[in-house]
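For reference, the chain that follows is the form predicted on its own, supplied as structure tokens.
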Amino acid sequence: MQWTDEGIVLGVKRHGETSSILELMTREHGRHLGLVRGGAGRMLRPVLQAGNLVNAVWRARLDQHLGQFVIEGLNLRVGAMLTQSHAVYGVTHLAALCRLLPERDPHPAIVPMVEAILDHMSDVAIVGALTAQFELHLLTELGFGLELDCCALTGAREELIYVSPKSGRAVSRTAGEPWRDRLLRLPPFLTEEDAADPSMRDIADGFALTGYFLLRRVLEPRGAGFAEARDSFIATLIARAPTE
């Protein structure tokens, strides 16, 4: 068995004296693990950093085996991010999100979305919006997508500014007014392709929305919760944002 694919490094664990177990989020083969000979060595250690893009050749005698990776670095972006605290937290959070996907289950849209987030890591507003959008998309990939195209109560498609925490469906301004304190706010950037640059309040509301449903529908049924990296990522984004 053999295939070649590009992937983003999610993490690495030392294996024996010189080797490592590498975890990649690949374009066509999903989240995949494999052994890297010499992965703990001086030459490969900088390549196998979470967030880097690599080319991977995977080989195994049988498909169900762990297999071995031969790795070549393509975009070693992580070194330039180490001075930005939000970037360190962000890379850790993105890896944790990818680990919610089943191993070896193809999700072709995931790598391009993560790549876009990593490429915009220096801009706190853009990276915040892209990450919240990614969390919303991940709910769909996991089978828990929200219904945000029309009002759950009236069927209206305009002024959808709330989401029901029970149904995960959008609610319009008029229909939701009596229950606005019980509803989650739906910021425009999560649903409108041409939405104006979101404010940091919009981004915080976006994370509150996606975080609520990731926790209730994905993490809590697995007996898990968010890692500290998510809260730290959001907090450092807000702290670095220009005063509005």
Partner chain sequence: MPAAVAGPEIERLIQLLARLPGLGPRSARRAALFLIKKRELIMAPLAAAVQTALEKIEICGTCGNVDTQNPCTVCRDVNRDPSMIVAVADVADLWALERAHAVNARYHVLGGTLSPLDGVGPQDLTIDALVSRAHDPAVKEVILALNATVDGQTTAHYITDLLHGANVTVTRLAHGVPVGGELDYLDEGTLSAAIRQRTAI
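Positions refer to the first chain, counted from 1. A quick note: this is a predicted structure, and the numbers were derived from the prediction, not measured.
The same protein has a further form, the form predicted together with the partner chain, not shown here; the description that follows concerns it.
A single residue from the set V70, L219, A208, A50 has any heavy atom within 4.5 angstroms of the partner chain in the predicted bound form; that residue is A50.
Site annotation in the predicted bound form: the residue of Q133, S172, T92, S164 reaching within 4.5 Å of the partner chain with a heavy atom is T92. Here the marked residues A116, T191 and I238 all miss the partner chain in the predicted bound form; none has a heavy atom within 4.5 angstroms.
Contact with the partner chain in the predicted bound form, defined as any heavy atom within 4.5 Å, is confined among 123-131, 100-108, 138-146, 70-78 to 70-78. In the predicted bound form, at least one heavy atom of K13 sits within 4.5 Å of a heavy atom of the partner chain.
The partner chain in the predicted bound form comes within 4.5 Å of no heavy atom belonging to C150. At a distance threshold of 4.5 angstroms between non-hydrogen atoms, S232 is in contact with the partner chain in the predicted bound form. Interface membership of A156, defined by any non-hydrogen atom within 4.5 Å of the partner chain in the predicted bound form, is ruled out.
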